[in-house]
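Let's start with one chain on its own, the form predicted on its own, as structure tokens.
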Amino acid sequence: MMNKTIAVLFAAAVTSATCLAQGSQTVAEDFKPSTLNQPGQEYPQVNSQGYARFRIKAPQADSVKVSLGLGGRGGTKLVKGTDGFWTGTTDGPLDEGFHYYHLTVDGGTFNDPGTLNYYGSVRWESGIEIPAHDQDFYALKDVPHGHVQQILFPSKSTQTSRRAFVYTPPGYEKETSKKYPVLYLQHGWGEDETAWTNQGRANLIMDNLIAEGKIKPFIIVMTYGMTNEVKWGRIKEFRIEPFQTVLVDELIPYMDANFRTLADRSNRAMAGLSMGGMETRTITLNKPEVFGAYALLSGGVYTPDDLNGKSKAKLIFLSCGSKENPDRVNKAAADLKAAGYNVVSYVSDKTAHEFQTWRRSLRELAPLLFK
């Protein structure tokens, strides 16, 4: 019994020391509502250091926790006040950019009623934006804007109409004789075709780059990549063939028939983040005659052996966050360069497997395409 008591006291001492270390930074009391809040909602809030603060009304609850927290250590536990509101601040600053989160109230999973929802983790999740030092490149500015429209295209292979979102650059509707290259851009596991514009700000990134004269305007097509559903932890069961059929045999012909596209390999690229990168890698290796440029954003790498004997890509782009596996990305790029391929690697500073990495990756990729 004495040994148990000593063990408990030791554990408590370690925990206290850890909390003290985490809390050694003075938290600046300059919190402001997140830019992703519902209209008129004050919480969640973020401060200049990247901390997030939450306030939830749940007077009958016994426990409330937010899934966000420093380093994924079980999230942020909120404390109940006499007014029935639960309040808490993350135990450290979060990475810059967009984050999904949810609430756990007495063991049940709920969204925060104070903020907007975004499809991720195979469900609609709450979202919070931690202001980034470089957020200007995806900011909403007074520049000409392209259009993002929903399309429904026929899919005989799945016996239904499938949805895609299409970004057309500024001027597309007026310059009716002009044709454009196309980037097919895929989301990650658990997300859908809304992710790249809602979470990733892809349309605003494009608008700003075009306004600055940094890129050749092109169309972006985003569709749902989970043609055969797989559950968490069983990604190895995913088969590419159904989605490959939808993309190559159904969506691309539909786009070429209904939009003013430059319908040839050199003016067609494919890219994807995370699982979308895995899809991109597999499809471009299976169908190298279809796409002239490939981009894997936190989605694996190519090797010279993968590409040997196949139609040579005009560009291969590999990226990840500095908190992921940058050595693997940089080594793969070096190996491909040594083998004679036009490859560019990019590592997003101080980010992990998250949308700030992929926003920055798209910013770096777009000027390199269709040159």
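Bear in mind the structure is a predicted one, so any value in this text is a computation, not a measurement. Heads up: residue numbers just count along the shown sequence, starting at 1.
What follows is about the form predicted in complex with a further copy of the same chain, which we do not show.
In the predicted complex, S157 stays away from a further copy of the same chain, with no heavy atom inside 4.5 Å. Using a 4.5 angstroms limit between non-hydrogen atoms, A211 is distant from a further copy of the same chain in the predicted complex. The closest non-hydrogen atom of Y254 lies within 4.5 Å of a further copy of the same chain in the predicted complex. a further copy of the same chain is not drawn, but in the predicted complex it has a heavy atom within 4.5 Å of L140.
Q149 is the sole member of Q149, N286, S266, T87 with a non-hydrogen atom lying within 4.5 angstroms of a further copy of the same chain in the predicted complex. Taking a 4.5 Å heavy atom cutoff to a further copy of the same chain in the predicted complex, the contact residue among I240, L94, L204, V290 is L204. Contact with a further copy of the same chain, judged by heavy atoms within 4.5 Å in the predicted complex, is confined among 300-308, 340-348, 327-335, 50-58 to 50-58. If you take 87-120 and check each residue for a heavy atom within 4.5 Å of a further copy of the same chain in the predicted complex, you get L103, V105, D106, G107, G108, T109, F110, N111, P113, L116, N117, Y119, in sequence order.
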